[in-house]
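As a starting point, one isolated chain is supplied in structure tokens, in the form predicted on its own.
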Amino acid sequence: MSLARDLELRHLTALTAVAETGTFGRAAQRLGYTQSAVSQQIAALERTVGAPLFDRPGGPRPVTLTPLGKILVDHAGAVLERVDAAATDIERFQAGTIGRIDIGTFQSVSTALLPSLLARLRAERPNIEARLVEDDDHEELVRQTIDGHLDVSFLVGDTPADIETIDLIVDPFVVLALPDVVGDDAVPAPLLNDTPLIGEQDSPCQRTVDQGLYAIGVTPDYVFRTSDNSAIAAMVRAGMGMAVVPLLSVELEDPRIAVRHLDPPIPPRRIAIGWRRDRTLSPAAERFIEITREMTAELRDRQLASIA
């Protein structure tokens, strides 16, 4: 073990160069050293292993490897190849072109944001690996971020001091209805008291909706609950009732559903991306955050321009 600790890469580099060129002088030219520097490195290596590594016939004849030199030069080649590979991977990692990102998400972000975010990331850096963990429980995403299981996570709600966040988008709650049931303006809140509603099953988001509705004088009458945003939209399309949902969960291009603001509104969700404050992010994760900020700003502008 002590021998392995005493071996140095510069000595192995000199050994390989001399073995391949046959002379200390040509090895020095290849490495950009002086000949005496190469001789000193080989001498140090021979002291370390306790035996000569080259037979030196003198004169113009090339040096040749001893039996021990042949063994060591084979190992030296493998070690230097691994070091070169490591150096390449370090450069690629620092450039953000390789690596893995563990990302926390929840349903509406998974549907409305992540596909386009990941498509752009993969177009820029196809060797980045992304692993997604979806959970609609905000506290669970926070826990996994603090525990280090997630590099970054989309979050909605308050976060502890251990999490550093960047605000991405203010996500208003909107009303989904059939186009012939509502006008072009915002839906008056009292109208919802006389309308069957479609909602989520118990979740932090649905609890926010219910608290907001009660605060503006609406007592919701739910005729269907589901954990699937697409099922909510489908029931509205079927004429079963209206729904109050976050805008991010809405497919705005669907002409069969009207999307309207609520009057008065209930407090919107604030969506952020966060990571553990004392954790160093990889360049790939930093680039993912940059892309997320850029694309959510574009999405926000499109959303707000598309609803009454």
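Keep in mind it's a predicted model, so treat the numbers as computed, not measured. Rigid core: the largest C-alpha set superposing within 1.5 Å between the two forms. Start at 1 with the first residue shown and count on from there.
What comes next is about the form predicted in complex with the DNA, which does not appear here.
Contact annotation for R277: none of its heavy atoms lies within 4.5 Å of the DNA in the predicted complex. In the predicted complex, the DNA sits within 4.5 Å of a heavy atom of A37.
Among residues of the shown chain, R26 is one whose heavy atoms approach the DNA to within 4.5 Å in the predicted complex. In the predicted complex, none of the heavy atoms of P267 sits within 4.5 Å of a heavy atom of the DNA.
Of the candidate stretches 242-250, 267-275, 66-74, 40-48, only 40-48 has residues whose heavy atoms lie within 4.5 Å of the DNA in the predicted complex. Taking the DNA as positioned in the predicted complex, the residues of 53-85 that bring a heavy atom within 4.5 Å of it are, in sequence order, R56, P57, G58, G59, P60, R61, V63. Once the cores line up, the CA of A272 ends up less than 2 angstroms apart between this form and the one not shown. In the core-superposed comparison between this form and the one not shown, the C-alpha atom of V259 has shifted by less than 2 angstroms. The Cα position of A28 differs by 2 Å or more between this form and the one not shown after fitting on the rigid core.
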